[in-house]
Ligand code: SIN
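A single chain, nothing else alongside it, follows as structure tokens in the form predicted on its own.
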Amino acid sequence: MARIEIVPSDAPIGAEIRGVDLSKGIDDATFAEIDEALSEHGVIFLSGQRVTPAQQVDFSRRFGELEVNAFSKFALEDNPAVLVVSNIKKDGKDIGYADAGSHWHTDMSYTRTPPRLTMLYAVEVPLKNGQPLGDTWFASACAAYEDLPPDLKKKIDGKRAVHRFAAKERGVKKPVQLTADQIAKNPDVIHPVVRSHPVTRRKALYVRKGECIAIEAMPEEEALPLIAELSDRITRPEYIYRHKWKVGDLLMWDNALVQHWAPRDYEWPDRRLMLRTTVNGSVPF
């Protein structure tokens, strides 16, 4: 068993896992420590990794069944479970999903069983004056819920929100062109406004303006401002962990606990290349 070290960030979420070389494989006991750290810290990362797409897939599968992303046209040709997230162009065309994460969200909440976790491996990171660009920001939806005033907790208790894949105001920098087939395969779903973590049972807010279009049994003129208020509470500065990428970082986040955003502070020909895998989850409760 490898001796690992878990170093929490200064934020309510985020921790570095040290002492692990995934290219050499890990035993079950080491994996169990990593798995537990993910549920506790919401975001964890391992630096200095040198893994192949196949090794990333094998590691991801230890957490559960892999999910094929709705934008699978940007997946690796020989491995549809690996999504290329990149601004790199070849012959004038994007080789990957360039605008992934360009608004605050929780991954694929528009599905019946949203992902348990998402994993990104940094292959290329843009730099300016020696400093990395393309940080990813994570917000603790759990801490935000725990700090809610009692009257607001009571107001949202038991409420359920409607999540829409084809929401008109997703807040993306460049609107993503959705096909009729993509929309048909992703009908509206309804999830709790407050969900419980499937392992720890900690509660977290599970709404996002621009993604949620309604709350059941609540007038629109009341529901939309409430969704906006809860969304803004999640992304308050005190709940944020901001990850500065380095080549070789392998980072994963728990979609039951956190929301994230990847602002674009770089432009082509600055190169950014990430490989993403997604592990399926369960029906939120």
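Remember, predicted model here, so these are calculated numbers, not experimental data. Heads up: residue numbers just count along the shown sequence, starting at 1.
The same protein has a further form, the form predicted in complex with this ligand, not shown here; the description that follows concerns it.
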Among V194, V85, V82, I215, which has at least one heavy atom within 4.5 Å of this ligand in the model of the complex? V85
Please tell me which of V20, A15, A262, A11 lies within 4.5 Å of this ligand in the model of the complex, judged by heavy atoms. A262
My question is simply whether P115 lines the interface with this ligand in the model of the complex - judged by any non-hydrogen atom within 4.5 Å. no
Would you check, heavy atoms only and a 4.5 Å threshold, whether Q182 touches this ligand in the model of the complex? no
I'd like to know if A100 sits close to this ligand in the model of the complex, meaning any non-hydrogen atom pair within 4.5 angstroms. yes
Would you classify T200 as touching this ligand in the model of the complex, given a 4.5 Å non-hydrogen atom cut-off? no
Taking the partner as it appears in the model of the complex, which of 38 to 46, 53 to 61, 254 to 262, 225 to 233 has residues with heavy atoms within 4.5 Å of this ligand? 254 to 262
Within 126 to 140, the residues that have a heavy atom no more than 4.5 Å from this ligand in the model of the complex: T136
